[in-house]
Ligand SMILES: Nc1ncnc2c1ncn2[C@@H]1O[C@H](COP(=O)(O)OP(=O)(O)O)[C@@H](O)[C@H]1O
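A single chain, nothing else alongside it, follows as structure tokens in the form predicted on its own.
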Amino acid sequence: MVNGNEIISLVGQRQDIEQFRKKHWVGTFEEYLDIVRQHPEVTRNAYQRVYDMILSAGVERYEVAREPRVHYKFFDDPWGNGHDAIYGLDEALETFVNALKSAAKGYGIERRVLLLHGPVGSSKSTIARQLKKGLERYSATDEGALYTLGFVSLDNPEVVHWCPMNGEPLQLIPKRFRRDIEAMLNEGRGPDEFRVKIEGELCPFTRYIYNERLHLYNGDWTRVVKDVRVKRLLLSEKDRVGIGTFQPKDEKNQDSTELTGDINFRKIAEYGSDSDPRAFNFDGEFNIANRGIIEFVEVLKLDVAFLYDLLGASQEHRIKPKKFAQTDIDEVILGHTNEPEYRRLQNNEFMEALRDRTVKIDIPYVTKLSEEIKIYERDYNPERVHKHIAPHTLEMAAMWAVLTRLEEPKNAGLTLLQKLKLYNGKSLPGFTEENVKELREEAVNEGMHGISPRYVQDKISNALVAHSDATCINPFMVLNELEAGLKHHSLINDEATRQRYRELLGVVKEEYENIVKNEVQRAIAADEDALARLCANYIDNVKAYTQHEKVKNKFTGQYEEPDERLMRSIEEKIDIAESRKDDFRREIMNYIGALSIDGRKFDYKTNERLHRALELKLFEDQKDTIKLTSLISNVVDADTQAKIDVVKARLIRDFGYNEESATDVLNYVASIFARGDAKE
């Protein structure tokens, strides 16, 4: 058993003291100028830093319907544990990053509030959280380094009065010298390389000390900067350095000083004036977020008094602390809101100035099934819930959620479920990638309404708790919870919507029925040798048929006409019409011939349609021998039980079931077949 000393030793061996020193570097202004000359990117403004941070995680490029798409790996949460990863929103995130790119290049968007707009639970807060977490980590890397300044105390050289707003040290340079110094710092750099640009003024506190020293040294700026110290700046939300968050509260308990700082009444007696910057706390959210990012939670719920500060901060990059002149800030201003608040903004003529200063970026719900599934797999997997999750459980919950978000297709021949499958990359006869693109374009508000992932997550949790004694949860447990919760759903305001969601649950249950029937059929027909024999028999007959030959009967040795009944019994399983049988048979023979020319042997598994037809035919032949429907009556003889156990083992091996869920799904499919037999 380890003791405390061993644990401390382990940490001691692995700690990186050199890295700590690097992150907490303190030097002179002259040394900082040398750093800027070698690494000019340390002077980037907030938008440039955030944009570079996103690119630093990597970019993947791909195409959708022949249109280029970009996936930014930053939003996969590469620096976290993946819990904040965002799925299925590449298009929205591309729009967002393009806005940041425009702002980073100074094209005008840097003077706007970036407003993430979308329904509840669509990842708006997650995007903001990722940016804040990312900035913390990025500022601690060599690529993301930035610096701030302070003045050595005249009374005690060991004490440094650091800038309360973490200003850029180059702001010490007087305006009339800035262009010349920029030229010196940028000398030898090409047009595509980052170039230093000195912008903004010192904060009131640092400006006060600067002017004081300038008078002390009779205007000798070179002596003033000898008193300056520069340190590495590590952004931190918890330490309120470079990252701020503002959330609306009760109007009676909140005023604008929370954004721009307030007077420190205890220091007024010491300094004699409430307009002395040393008697002011520059600790409002705008102040502390300087050089980084400020997040406005539910920004449109803000009182009008706060909006004036927000407008000035976005348009002018300045704030107005009480008793002080306009103060420069450098920060990304990010807000988020949902649909009802945004509609209220549009209908309020007094908010016209805010509308004019916002860039709205729609963050919709996910409309691609495979991406929605990932959201639930992240939180509900055997490692986290310590319980087996039956196949299709999360898939069916995700399918229902996505269906509620899709708009009914205008094409009368297309169902909502088929539309979901097209969006998920499945090919359907008569639909091309261009058609899918048109479907998306005609559904303008798709993804801006429907069921939130949070609701689904809550109901999956309910199912886990309600069935805590079971070794696994299955789709019906979750679907029942989803349906039961609809009557209490706080965001569904009308019975028509509630009824539509119930009907979509019916669609999902029907789809699940088809999926598990298919899996059980394939498990029953998964006898490789029997499939191979059936395929060989079919190919022999097709070959003879297409070449107008006869087939040798292996039992009698006689030559007979090709077995039309056998061929049609297989082809009908995949809806090959009588009028199309010749084309299909020639297609199979041409495929085999092409493989032979390349020196390859035909394998039925490489032809998906034929493989499926053979499985269905074999299932039909073996179904009665297994007597699956006898499971319903609980009267199963030993021979049948042995065959059922083989099928169950295949379900476990090939489809991811465990003993309990495989038994459940066999019983369920048996009841489906029993219903079918009863109808017949």
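So that there is no doubt, residue numbering starts at 1 and follows the sequence shown. What you see is a predicted model; the values in this text were computed from it and never measured.
This next part talks about the form predicted in complex with the ligand, which is not shown.
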item: Distance check, Thr206 to the ligand in the predicted bound form, heavy atom within 4.5 Å; value: no
item: Proximity of Tyr87 to the ligand in the predicted bound form, heavy atoms at 4.5 Å; value: yes
item: Pro119 within 4.5 Å of the ligand in the predicted bound form, heavy atoms; value: yes
item: is_contact(Pro453, the ligand) in the predicted bound form, heavy atom dist at most 4.5 Å; value: yes
item: Heavy atom within 4.5 Å of the ligand in the predicted bound form - the one residue of Lys132, Arg522, Lys231, Lys124 that qualifies; value: Lys124
item: Contact residue in the predicted bound form, from Val224, Leu334, Leu420, Ile375 (heavy atom within 4.5 Å of the ligand); value: Ile375
item: Candidate spot Thr95, Val113 and Gln346, all three touching the ligand in the predicted bound form (heavy atom, 4.5 Å); value: no
item: Answer range among 584 to 592, 214 to 222, 453 to 461, 192 to 200 for contact with the ligand, defined in the predicted bound form as heavy atoms within 4.5 Å; value: 453 to 461
